[in-house]
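Let's start with one chain on its own, the form predicted on its own, as structure tokens.
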Amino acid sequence: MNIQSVVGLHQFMKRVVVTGIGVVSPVGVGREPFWAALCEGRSGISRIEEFDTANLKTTIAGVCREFRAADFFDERELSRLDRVSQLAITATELAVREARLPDSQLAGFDTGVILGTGFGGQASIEDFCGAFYLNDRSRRSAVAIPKSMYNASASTIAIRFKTRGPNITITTACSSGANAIGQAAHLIRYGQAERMIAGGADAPVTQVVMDAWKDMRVLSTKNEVPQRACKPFSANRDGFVLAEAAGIVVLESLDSARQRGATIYAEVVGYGSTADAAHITFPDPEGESQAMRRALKDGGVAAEEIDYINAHGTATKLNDASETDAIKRVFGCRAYEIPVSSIKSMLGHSMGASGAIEFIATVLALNEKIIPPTINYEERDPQCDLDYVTEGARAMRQASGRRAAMSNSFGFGGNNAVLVAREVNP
């Protein structure tokens, strides 16, 4: 099917737009602090203070230090919620508030939740395992399972906001959040839901997880100056920085948004998902490029129309080179003209939340017509030779018609998810 056929097919489907944004990140809580930090090129990476790091090679991470759980939950709620659920629910609260959706529209079977996560309730799992192996009965808990299960966050969001539509948890490693948004958009597009709460959340900065990562040699060990540790696409990059975060969007049909006078940030037009089927940890540029092509085709968007690519950009040797190769396969010579940036340089890698957080940054870039930078770029790598926006935030050019942007998310297991967003005309 060619682009023209896809455009014609789209005339019979609902158009899906973003009307609410909620973020809890290492650089701030809420859309405005988050976006301001990105445009300033401010890093949220810091030394880990939550546990002893003496035996770790990496002692830095992206921690949401401005998040105050007591501002959103009472003590009873906190005792029943893992940190990942706290982050997810808070981001949802912020997104719903922004969308100005009344309780009457949230509640019921027309609104659903799809959430991505890579680690689920990891801190609770470690706590319960510790209690088991130490036979510490004072730490045993009747809420061990509901607190740590992977779908706890999505289920708790549904209970809190009385959403009774589809409630799904996706775990495809680092592409989880992007897959959640793509699948949620399709449910609305094909009439399975009127509106969706979608995104990702992860809280993997724990002692066990940090120790497990160290032998894979993919985490940066540039501990001396934490803010400068993550260097996507730079020749002297040595790995990513682990982070926690939550990013949630409210999606609804364009007709619904316009009828109620909602703020519209952008339209979700394309979604592509593929599997490399090659290696559990090594990326394959062909799998990545096919996900990009599918997202363009799904949205009826030509490669020539993309004005910005928000890269997966982890700052590992293999991933950055593979993604650069994949972009060239899709865009050919024009790949060198498209601005590319990786906000992981400022936020770190929040695993299952990263795709959602980065899609939000892509939507805000379209809305504000500003491209956030890739910070810490120091040395040119011949394998990574695209325009990585290293000089600071840049005004977004316009290739043709409405501005369009792409967000890439590639996860372990060879799970690739790509989203394409577009401006919505007034």
Partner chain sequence: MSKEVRQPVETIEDIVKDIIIAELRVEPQQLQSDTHLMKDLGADSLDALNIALRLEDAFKIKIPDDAIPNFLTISDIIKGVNEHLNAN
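Everything numeric in this text was worked out from a predicted model, so none of it was measured. Numbering follows the first chain given and starts at 1.
As for the form predicted together with its partner chain, it is not shown, yet the points below apply to it.
Only one of 71, 224, 215, 75 comes within 4.5 Å of its partner chain in the predicted complex through a heavy atom, and that residue is 75. Scanning 97, 140, 162, 260 against its partner chain in the predicted complex with a 4.5 Å heavy atom cut-off leaves one residue, 140. The closest non-hydrogen atom of residue 79 lies within 4.5 Å of its partner chain in the predicted complex.
For residue 146, a non-hydrogen atom is located within 4.5 Å of its partner chain in the predicted complex, even though that partner is not displayed.
Comment: 79-87 is the region of 331-339, 79-87, 231-239, 117-125 lying near its partner chain in the predicted complex, near meaning a non-hydrogen atom within 4.5 Å.
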